[in-house]
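Below you'll find only one chain, the form predicted alone, shown as structure tokens.
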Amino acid sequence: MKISETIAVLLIVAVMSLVGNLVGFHNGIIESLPGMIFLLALCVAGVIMRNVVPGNIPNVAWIVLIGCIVTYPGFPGSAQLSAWVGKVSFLSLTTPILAYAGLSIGKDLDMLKKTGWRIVVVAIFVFVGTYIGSALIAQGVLSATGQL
């Protein structure tokens, strides 16, 4: 996918997320727009880094790395960036992603039918394992840092 196509998809997702943020969480579009622009710029920077830097590092790794760096306390403007992103609800961002996942599964429905009921069992184990693993990691980190 070309960078221009990726940016177009990101813009569509950003608009959908802004609307979801307004409807679901009553955050005005104007007040959440700076946070969404920052998130969009972060994603574009990650996509550009993937295409520029050799090593075939995934987009998400670049996006997370850049996001961690620019929002690290002490980085110039990090408090303002975090405040802007705080106006964008996480769930409004996940809605388009889940819709895309649903469409992707729907596209491959014939392949899903061929796998049968076993895929449901595997999915349940993956979901439960991910949940328990995440809870254990969170418990360990929060206990180690004295938050619990």
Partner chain sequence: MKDGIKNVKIHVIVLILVVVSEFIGIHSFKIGPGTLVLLPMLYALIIGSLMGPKFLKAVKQKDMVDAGSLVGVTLMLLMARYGTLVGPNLPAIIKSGPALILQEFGNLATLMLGIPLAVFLGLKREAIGAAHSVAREPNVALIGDIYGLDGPEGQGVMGVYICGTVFGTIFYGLMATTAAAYLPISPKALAMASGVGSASMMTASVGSLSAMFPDIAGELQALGAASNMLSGLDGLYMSLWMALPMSEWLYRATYKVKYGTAPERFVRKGDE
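Predicted, not measured: the structure shown is a model, and the values here were computed from it. In this text, the rigid core denotes the largest set of C-alpha atoms whose superposition between the two forms falls within 1.5 Å. Numbering follows the first chain given and starts at 1.
What comes next is about the form predicted in complex with the partner chain, which does not appear here.
Participant: Is S104 a contact residue for the partner chain in the predicted complex, using a 4.5 Å heavy atom cut-off?
Facilitator: Flag for S104 set to yes.
Participant: Taking the partner chain as it sits in the predicted complex, is F75 near enough to touch it, meaning that at least one heavy atom pair lies within 4.5 angstroms?
Facilitator: No, F75 sits far enough from the partner chain in the predicted complex that none of its heavy atoms falls within 4.5 Å.
Participant: Find out whether any non-hydrogen atom of I30 is located within 4.5 angstroms of the partner chain in the predicted complex, and reply yes or no.
Facilitator: Although the partner chain is absent here, I30 would stay clear of it in the predicted complex, with no heavy atoms inside 4.5 Å.
Participant: Quick one: does L40 come within 4.5 Å of the partner chain in the predicted complex, counting heavy atoms only?
Facilitator: Output for L40 is yes: heavy atoms within 4.5 Å of the partner chain.
Participant: May I ask you to list the residues of 11-26 that have any heavy atom within 4.5 angstroms of the partner chain in the predicted complex, in sequence order?
Facilitator: Those in contact are I12, V13, A14, M16, V19, G20, V23, G24, F25.
Participant: Once you overlay the rigid core, does the Cα of L142 travel 2 Å or further between this form and the one not shown?
Facilitator: It does shift by 2 Å or more.
Participant: Once the core is aligned, does L103 move its Cα by at least 2 Å between this form and the one not shown?
Facilitator: Yes, the C-alpha moves 2 Å or more.
Participant: After a core superposition, would you say I132 shifts its C-alpha by at least 2 Å between this form and the one not shown?
Facilitator: Where the cores coincide, I132 still shows a C-alpha shift between this form and the one not shown that is 2 Å or more.
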